[in-house]
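In structure tokens, one chain follows: the form predicted on its own.
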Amino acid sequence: MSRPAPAIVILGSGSLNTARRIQQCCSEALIYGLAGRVEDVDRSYSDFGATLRELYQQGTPIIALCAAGIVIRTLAPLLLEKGAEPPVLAVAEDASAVVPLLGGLGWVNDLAREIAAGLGIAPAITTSGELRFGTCLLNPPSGYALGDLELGKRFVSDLLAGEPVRIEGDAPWLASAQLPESQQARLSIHIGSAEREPAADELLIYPRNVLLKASAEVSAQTIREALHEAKLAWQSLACIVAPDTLMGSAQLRETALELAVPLRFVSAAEQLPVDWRESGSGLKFGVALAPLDPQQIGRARGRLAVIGLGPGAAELMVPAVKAELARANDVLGYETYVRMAGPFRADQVLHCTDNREEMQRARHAFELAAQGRSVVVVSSGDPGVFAMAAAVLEALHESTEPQWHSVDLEILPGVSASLATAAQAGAPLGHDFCVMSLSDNLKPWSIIEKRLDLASEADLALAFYNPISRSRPWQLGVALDIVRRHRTAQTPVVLGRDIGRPGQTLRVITLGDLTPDQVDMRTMVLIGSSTTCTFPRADGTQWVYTPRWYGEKP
């Protein structure tokens, strides 16, 4: 299985050179810099502690360029279970030291060696077993699983005390280890897929070389019982294989999650690298001679996420969206928005299209996801507000392709432009409000006029998307004439241009002073209701808010 991309977290510009040197040897790593202190990084953050804890909880490897004590104190509340933690390292700002802190039962020492080699120094590895034997016996390589961690700790302790060991089974990575081997040893390392009772003098390591073929929905308990009947260890189960007609099965997904194994799908004609044998329960198992790579078997259930980036600032992008971008194989969208979502890894494929090609983009996304890929469709703001979520659902609604309907589809929200602009101004949308697009590309102008008139008569605060463009120069003027039938000239208006992006501007004027030439396509227009108020800020600008009460104040 592929390892997640690390996060290189720095506190100031003095660490940036070392961070970039680390990034050269860890090409997928992203540099996180403290906003206001360091520029030209991949991600900006405002709170060091919250960012470190969020990365840790997401399972992201952390390379922190600061004192080790700061990292430990920051993560201390989360350190609950050894063995269930991502790698965490502290690196000196001047690149003089690399210290693995957490993830000793994972690949933190491997990552430390990789970084140290790139910096031209020796890593400060303190894991006693690894120092003595040249390998971490409790962390077998990919394709193998440790039997029992607690028994394993006692086993390694006995080895460190001087006891010899014998190796039973095929363990290629141990050939170069400095183990005190003896065929008469009491202790043994046993490598095999047969079910075996744990013993204190035996370290059990299971090759993940067993496939299970599920021709129908099946529970985790049924699989465990069938493995036991076949005298196969559950730890050797590499993945569950099912026909692609079952790709939409929630039961199979729950079963794979409970067993913590991948779920892969194959067509009827695909050949698999095992000879099948049937258990008494009707399930079929295949045992390969060597560990299996599930990524090379069939395909995963495709995933399609439609995400909202928010207004543009990285700190306003929700964590779930950041995580989705990190896992994506393919990213689709209008080129301006795709570039906003970056930076991307070299293995991620970008599909940039014109802003008027929404349906073609949506269909392309389903075609990719149906191949088992993890696909993201990017929108600015919120994907459900005049953006790609509706287009994606429309494409699915019109499709009769079963594999499209089996795709794991999720809509992830973002901060919409209207809400981001309102927050900058105060709370102009603090009571009931109406959000409208003034573009007549996809709906008749007569409908826009009718809705404008009714919303204005209802005394709703108004938020205008797509207010004006070169091809639609006159509509905003007509829209303002309609609003003025129901609003006084003193009604507050907020004009937010490129809010959340470099060069953002925010203006507060009145409806009487508003003219179309003050607005362009990148401006969000918020028009207050009859109760919307303004008052001065300390810096000379104005706060704008619409009270939560209506009529007489309670």
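In this text, residue numbers run from 1 along the sequence as written. Note that the structure is predicted; figures quoted are calculated from it, not measured.
As for the form predicted in complex with a small molecule, it is not shown, yet the points below apply to it.
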* Which of 28-36, 58-66, 495-503, 510-518 lines the interface with the small molecule in the predicted complex (heavy atom within 4.5 Å) -> 495-503
* **One residue of Phe285, Phe386, Trp404, Trp107 in contact with the small molecule, assessed in the predicted complex (non-hydrogen atom, 4.5 angstroms)** => Phe386
* To do: Heavy atom within 4.5 Å of the small molecule in the predicted complex: which of Pro311, Gly333, Pro428, Pro100 fits that? Just give me the one.
  => Pro311
* With the partner left out of view, is Gly372 within 4.5 angstroms of the small molecule in the predicted complex by any non-hydrogen atom? -> no
* Asked: Looking in the predicted complex, any heavy atom of Phe366 within 4.5 Å of the small molecule?
  -> no
* Heavy atom to heavy atom, is Phe433 within 4.5 Å of the small molecule in the predicted complex? -> no
* Determine whether any heavy atom of Tyr465 comes within 4.5 Å of a heavy atom of the small molecule in the predicted complex, and answer yes or no. => yes
